[in-house]
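As structure tokens, the next two blocks hold two forms of the same chain, structure 1 and structure 2.
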Structure 1
């Protein structure tokens, strides 16, 4: 009696259209549970649903906010997914983003009156480099010492935060800003161009979309992407094909670090306009949710990023306009991912109850 009363078999030949079932099911469950919680809090569920899911699209500003949030999530999630497919678990996006924000802030802080055309490109290069270097610590420790990258990147997140605190209250602090822990305001040359006036949406969205295209190409068409994936699925086969685990670790973490670093630059060069103690509302962690919610598939991630951005923005709106506590929003993020993962089972696998007869036969076979 060591068997479960059901069997789970992988669906062969790809899941096809049924891939859509999981996200749709997860979103529906999230919407329903959202309605249930808010009505138990005395907020009319229809009202809450409107503010949570419709209001983010109701004004140009709000829609701009959704897209503004989508950009970093998309950028980081696409990069993380490349690693996740190869079973390299970089959960340090948050720390890499912070390092990117720090690196990206150096030029506008030290050349504050510059209007050079090279300002933004320089910031981007520095930010990406810093993000990559931060991720490289984890890669090196994994390759050289076999240290688990999940734990190392987690710890690096905490250290990055302290480093940021140190820098904004010391070396990078605005000397004319009454010693508040923040840098000077960036010059216009260091700010990303806005895409739509009247919103805060900036060019970072275009980069996020470009990252999506790149990821799609990388996964579907490139040899490296293929090797990485094989490495994740069957390490021995990959080694046989001449692609070592070392390569996979370096590649995955460096891509993740570069993308998260870039997202960090976009935060300080976008909505923030300076370096300060809070540079990210947890994009590094949310991107992990987005990557999985998108089924580690570049197109799926695009939709997942938009949906998670809607939840973020809708959460703020419903808190302001309908008095729904922020905690509800946090719960819904959890529910969304939990129900998605649950639903994936029925997409990726075929679940059958064991027939009693079959069960006996299995036992007979067992005895042989």
Structure 2
């Protein structure tokens, strides 16, 4: 066995400190690295900081964009965090969002002339059902064959994306849309109401905030949430108490699928107004970062969602104002996650270098 040059020991009370210290440290590192990356592309550090983190709040429209992007991140992250607390690792939020967008688009595509008040509720029901069915594939494979849900949900993301490409290029393509891979424009009855005039912010934010309140109650006050948390923290104790692992798998994945599917409906019924080849800039993947950055805590996730939304909007502004590649967005999200993991390591654990082996032997001989 190879002898490592360091030891890792748990700190007493580390979990309490990590609630605040680790996220703040991760966000600070991300801010600095974001400025460094954009500076290396020819943008001055102060301008880089302004475009990435100040400009998203500089106008009412930009601030509306931050809140608009907060909504899907909040919806998906709150649901994923419930499963993560139970050690059910659903990383398929992106695919479930896409299926929700597809399912929610069927009514306004095939009943495009309808002005029924039931249009939007029907879209929501179909989108959530499609997201749940997509997640149910992973749940069934996990329960029936013990397939790893990380691999299954990850692969289902790619299948969902290819299915979207096929549908918008074929069966669901607008025949009068000059051969562009997109559906018809949705009628007004299929669109979410706007919250603030002069912005694109819509009612999806209110649903995201309601989901936060529901997640808090589910995690902190409900027996089902308690069972899921015990199953994740102490699986042997949960089995001894009669808590069903099968039920935990199904419940966690179906909740995640429903929330992601709902977020997909809100994208096509909100800022997009139609089904397109790109219905998400990566909300399903970014929501995983949001869930962990928020410490899997509903209130922490709320603030983490706003910060990641700022990165999205700041990246867009940097691209249009300074020519910074959009890939910087993805890089900063990765930096944020890695920084958070590293911060949690040093906050929750004490890392010590080992003394050379000859000194350890000499200490043992002296003691004896």
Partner chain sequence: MANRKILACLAVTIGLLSASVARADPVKAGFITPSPIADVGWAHQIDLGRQAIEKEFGDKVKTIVVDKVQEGPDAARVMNQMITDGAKFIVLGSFGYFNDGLRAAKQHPEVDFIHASGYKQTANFGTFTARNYEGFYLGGLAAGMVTKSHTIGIVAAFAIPEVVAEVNAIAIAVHKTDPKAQIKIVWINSWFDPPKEQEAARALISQGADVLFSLHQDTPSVVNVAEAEHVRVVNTSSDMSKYGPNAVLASVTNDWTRYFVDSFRAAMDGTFKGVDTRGGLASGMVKVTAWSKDLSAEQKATISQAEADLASSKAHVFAGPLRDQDGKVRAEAGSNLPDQEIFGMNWLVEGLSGSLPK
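Numbering follows the first chain given and starts at 1. The model shown is predicted, which means the values in this text are computed figures rather than measured ones. Note that the rigid core is defined as the largest set of C-alphas that superpose within 1.5 Å between two forms.
Two forms of the same chain here; which is the form predicted on its own?
It is structure 2; that copy is the form predicted on its own.
Determine whether residue 169 and residue 259 move within the same rigid part of the chain between structure 1 and structure 2.
The answer is yes; they move as one rigid part.
How many degrees of rotation separate the smaller rigid part's two orientations between structure 1 and structure 2 when the larger part is superposed on C-alpha atoms?
11 degrees is the angle the smaller part turns through.
For residue 38, what C-alpha shift in Å is seen between structure 1 and structure 2 once the core is overlaid?
Displacement of the C-alpha, rigid core superposed: 3.5 Å.
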